[in-house]
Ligand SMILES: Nc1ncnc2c1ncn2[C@@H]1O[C@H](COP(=O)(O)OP(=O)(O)OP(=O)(O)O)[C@@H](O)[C@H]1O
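Shown here is one chain on its own, the form predicted alone, set out as structure tokens.
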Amino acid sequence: MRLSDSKSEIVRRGNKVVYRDGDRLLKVFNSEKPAADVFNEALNIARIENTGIRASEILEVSRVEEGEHKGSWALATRFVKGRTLADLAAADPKNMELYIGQLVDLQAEVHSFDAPLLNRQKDKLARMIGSCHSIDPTVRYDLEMRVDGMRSGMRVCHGDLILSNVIVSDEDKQLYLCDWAHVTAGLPEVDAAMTYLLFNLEYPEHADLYLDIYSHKTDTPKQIVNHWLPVVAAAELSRKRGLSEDFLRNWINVGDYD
């Protein structure tokens, strides 16, 4: 893959740099990112495309041929020109409820699709929590039992749905979801718990508003979403992607463990 000199950096975080390069959005990973993870994300996007969900189409997966990222794996998707809900909310904070409502509408729409070929949410959570030995073993066992008792679910669950991952297209004014690295087939309420956790991290003053809106629009009791908060917090802790460990541990310990 070739990166043009006119590319512009959008964000740099964790193990990747994201660029706009003409009509392409390029996600360039560092040398520590396994090739299997890059190809799995590409496969996720391809499977999402097949469901009919609005997502930026995948164009290419290959190594960068030259420049500072030479030899690194990169993933190219079609660039959706527009503004994220996070940008719109930052410019118009008085209408935060409107933007959260749009996010919930999109989340509910995504949850209406089945995708049996995606990785299973239940299996992924079990694997992640089982590998997190920094959690007290008694607490970890309880969390593993919660996951083991999950009912079967095949709904599309984004796994990282927050305002910054929703783009309002300038072209058709539709909402597009980006960053499908963590998508699974599973239970919508677990996905909602993840979004609620992210709101508590990034927009703590609006987290309960998100949960109120999600509960109302999807007819989901808040207790069901709250039940999965310790589970998704433990899964996030296992990722070691820079989120506050103290913040995550506080959510893990919301439940009572005997």
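If you're wondering where the values come from, they're calculated on a predicted model, not measured in any experiment. From 1 onward, residues are counted along the sequence shown.
The same protein also exists as the form predicted together with this ligand; that form is not shown, yet it is the one meant from here on.
Of the candidates 124, 182, 140, 155, 182 is the one whose heavy atoms come within 4.5 Å of this ligand in the predicted complex; the others do not. Partner contact region in the predicted complex: 161 to 169, out of 105 to 113, 91 to 99, 161 to 169, 147 to 155, criterion any non-hydrogen atom within 4.5 Å of this ligand. Residue contact check for residue 84: one or more of its heavy atoms lie within 4.5 Å of this ligand in the predicted complex. In the predicted complex, no heavy atom of residue 248 sits within 4.5 Å of this ligand.
At the 4.5 Å threshold, heavy atoms of residue 13 reach this ligand in the predicted complex. Taking the partner from the other structure, this ligand in the predicted complex has no heavy atom within 4.5 Å of any heavy atom of residue 237.
Looking at 90 to 108, no residue comes within 4.5 Å of this ligand in the predicted complex, counting any heavy atom.
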